[in-house]
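Below you will find one chain, with nothing else, as structure tokens; this is the form predicted on its own, and questions on how it binds or moves follow later.
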Amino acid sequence: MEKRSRILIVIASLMFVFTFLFPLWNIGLQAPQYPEGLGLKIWSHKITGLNEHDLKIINELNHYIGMQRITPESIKELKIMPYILGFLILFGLIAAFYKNTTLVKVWIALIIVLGIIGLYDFYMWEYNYGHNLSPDAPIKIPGMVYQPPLLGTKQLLNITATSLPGLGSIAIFVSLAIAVFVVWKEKKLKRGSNVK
């Protein structure tokens, strides 16, 4: 692996640091009674409101329609994810240090597989959150579920829910693109040297 490729892999690995500094996902809620909007920021290690009291307000609203409270400290994924992301940073740096394109390919595969597992897990969390409603809820609408969208916008009664990747996820996508580019470039260089 040439020097520039190694530098790019180091940069791609270190971009995962952004997953600790910025949210991975954002869910915004717009409703007539909340014109300023409400929202959640889902980080690798915590869940916070878009604004200071949003999480508390959302939990209060959820109570009326029978949805579970969002209690970040009880979500096991938030305890595991920082270690997974730390492992990916270390793996990428090792691949660059050993100048090993095969390790970079394994790293790419790990990012993709873990990303798919993460998105599936997030979808299932949203599914359970929006479908498993308390039978004792003050407000009951037969057949109504409140699952937010995984990606995009969805109408839930008078609430418009929008779910989009945060800067942390965008950093992962950019990191992955850099790594794929490096593998492609190294393959092209190798093919060129074999022709000579």
Partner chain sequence: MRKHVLFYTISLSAVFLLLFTLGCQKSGEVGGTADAAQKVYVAPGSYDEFYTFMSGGFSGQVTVYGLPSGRLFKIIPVFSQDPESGYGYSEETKAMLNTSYGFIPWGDAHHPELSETDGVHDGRWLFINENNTPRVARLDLQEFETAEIIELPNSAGNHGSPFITENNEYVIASTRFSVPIPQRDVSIKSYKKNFKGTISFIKVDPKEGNMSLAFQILVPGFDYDLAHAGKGPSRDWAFFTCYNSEEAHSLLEINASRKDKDFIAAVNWKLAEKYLNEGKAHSVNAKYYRNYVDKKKQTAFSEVNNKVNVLYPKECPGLIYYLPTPKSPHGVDVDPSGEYIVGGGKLSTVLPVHSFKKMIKAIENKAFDGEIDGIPILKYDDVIAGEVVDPGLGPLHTEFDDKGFAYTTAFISSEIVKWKLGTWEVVDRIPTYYSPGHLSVPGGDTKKPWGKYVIALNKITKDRFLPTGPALCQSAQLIDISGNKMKILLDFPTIGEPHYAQSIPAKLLMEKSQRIYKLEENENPYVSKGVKDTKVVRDGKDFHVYIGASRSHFTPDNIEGARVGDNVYFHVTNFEQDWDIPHGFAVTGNKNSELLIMPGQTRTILWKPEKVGVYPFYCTDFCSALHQEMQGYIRVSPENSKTPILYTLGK
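Owing to the predicted nature of the structure, the values given are computational and were not obtained by experimental measurement. Positions refer to the first chain, counted from 1.
Although it is not shown, the form predicted in complex with the partner chain is what the next lines describe.
When contacts are defined as a non-hydrogen atom within 4.5 Å, none of Glu73, Lys76 and Ile80 contacts the partner chain in the predicted complex. Taking non-hydrogen atoms only, Leu167 never approaches the partner chain to within 4.5 angstroms in the predicted complex. Although the partner is absent from this view, Leu61 contacts the partner chain in the predicted complex, with a non-hydrogen atom inside 4.5 angstroms. Though the partner is left out of this view, Tyr34 does reach within 4.5 Å of the partner chain in the predicted complex, counting heavy atoms only. Residue contact with the partner chain in the predicted complex: Ile57 places a heavy atom within 4.5 Å of it. The contact with the partner chain in the predicted complex, taken as any heavy atom within 4.5 Å, belongs to His53 out of His53, Lys46, Lys140, His131. The stretch in contact with the partner chain in the predicted complex, judged by heavy atoms within 4.5 Å, is 61-69, chosen from 24-32, 61-69, 140-148, 158-166.
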